[in-house]
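In C-alpha cells, the next block holds one chain alone, the form predicted alone.
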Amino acid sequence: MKVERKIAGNRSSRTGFLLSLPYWAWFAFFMAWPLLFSLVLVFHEWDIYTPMRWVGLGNFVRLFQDDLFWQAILNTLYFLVIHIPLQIGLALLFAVLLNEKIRARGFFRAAYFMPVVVSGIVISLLWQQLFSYENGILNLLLARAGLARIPWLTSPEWAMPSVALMATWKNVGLYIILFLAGLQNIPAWLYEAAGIDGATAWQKFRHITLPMLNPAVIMVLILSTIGGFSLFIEPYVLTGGGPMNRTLSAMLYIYKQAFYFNRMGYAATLGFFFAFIILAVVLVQRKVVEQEALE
C-alpha cells in the first residue's frame, strides 16, 4: 500500500513538473536570460554591431555625470507629484459615487474602465488632437468662453501637467475598481451604528471609510507610483520628450539611449539604477502610509 502511494506521488510530481514546464521555459527565455544579459551589459559598452568592450564601472561614472538623465528623473518626479494625488483623489471620489445606488451604475463602471483596456498609443493620439493649439476641443471651448488658448503641449510650463492629465484619465478606471472592491467589503452596520450616534457623512467617511480602505490605498499608491515611474508612451507620442526636454521621462531617456544611440550597456546601467530608485520610493511610501494608518 505504501509502495503504491509512493508511486502515485511520484507520478503526480512528474505530472506537475511537466505541466509547469512551459512556464519555466518562458521564464528562462524571457525573464531570467534578459535579466542576466542586462547585468552583463552594465559593465560593457555595446552598440549591437561590434563586440562588447569591458568598461568596468565606467557606465556608472557616466551616469552620475549625465545631467540630462537627472533632468529626466526630476521630470518623472514632477509628473508623479501631479499624477498620483490627482489619480487617487479622482478614483476615490468616483468609487464612492459608483458605490451608491444610482441609475445606470453598471454602465458608468464599464465606461470609466474602458480607457484602461484601450491601447495607450490610441489614447495618446486622441489626446494629441484634444490638446491641439488651433483646432483642439479644449482650446476651442476656451476661445468660446472668451479665454486665451493654452499651448498644452508646446509650453514648457504646461506640457508635463498636460501629460499627467491624460495619463490620469487613461488609468483612473483601474483604481476605481480597486477602491470599489474595498468599499464593498466595509460592513454596512458600521455606518448604521455611526448614524445612530449622530455622525455626519464626512465623519463617517473620515473615521470609517478611510481607515477601512487603508489596504486599498496602499495598493493604489504603490501601483500608481510604479505606473508613474514607467511613464513612456504618453511623452513619446505627445511631445517626444519636449519642449526643452521638460517631458523627457526616465523611461523615455533609457529607450533613446538604447534604440536611438545604440548605447546598450549604458541603457542597461540606467535601467538597473532606475529600478533601485523605484524600489526605494515604494518602500518609503509604504512605510509612511502604514505608520500614518497606525496613528
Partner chain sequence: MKRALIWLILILGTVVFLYPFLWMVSATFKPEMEIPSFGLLPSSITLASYEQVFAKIPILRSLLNSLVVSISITASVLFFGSMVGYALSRLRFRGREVMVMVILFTMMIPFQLTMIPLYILMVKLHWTDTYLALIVPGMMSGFGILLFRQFFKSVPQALIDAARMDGLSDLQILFRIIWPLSRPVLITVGIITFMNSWNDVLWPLIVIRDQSIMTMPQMVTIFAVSGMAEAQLGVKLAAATLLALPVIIAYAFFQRYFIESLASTGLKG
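Please read all numbers here as calculations on a predicted model, not as lab measurements. Residue numbers count along the first chain shown, from 1. Here the rigid core means the biggest group of C-alpha atoms that line up within 1.5 Å when the two forms are laid on top of each other.
There is another form of the same protein, the form predicted in complex with its partner chain; it is not shown, and what comes next is about it.
Open item on the list: Going by heavy atom distances of 4.5 angstroms or less, which of A164, I73, V172, L213 would be at the interface with its partner chain in the model of the complex?
Closed with: Only one option qualifies, and that one is V172.
Open item on the list: Can you work out whether Q129 and its partner chain are in contact in the model of the complex, taking contact to mean some heavy atom pair no more than 4.5 Å apart?
Closed with: Within the cut-off, so yes.
TODO: Examine H207 and determine whether its closest non-hydrogen atom to its partner chain in the model of the complex is within 4.5 angstroms.
DONE: Contact with its partner chain, no.
Open item on the list: Taking its partner chain as it sits in the model of the complex, is W189 near enough to touch it, meaning that at least one heavy atom pair lies within 4.5 angstroms?
Closed with: Flag for W189 set to no.
Task: L279: touches its partner chain in the model of the complex, heavy atom cutoff 4.5 angstroms - done: Close contact exists here: in the model of the complex, L279 approaches its partner chain to within 4.5 Å, heavy atoms only.
Task: in the model of the complex: members of 228-255 within 4.5 Å of its partner chain, any heavy atom - done: Stretch hits, in order: F229, S230, F232, I233, Y236, V237, M251, I254, Y255.
TODO: Taking the rigid core as the superposition reference, indicate whether the CA of S38 shifts 2 angstroms or more between this form and the one not shown.
DONE: Yes, the C-alpha position differs by at least 2 Å between this form and the one not shown.
Open item on the list: For M244, does the CA position differ by 2 Å or more between this form and the one not shown when the superposition is done on the rigid core?
Closed with: Superposed on the core, M244 moves its C-alpha less than 2 Å between this form and the one not shown.
Task: Core-aligned CA displacement of F276 at least 2 Å between this form and the one not shown - done: No.
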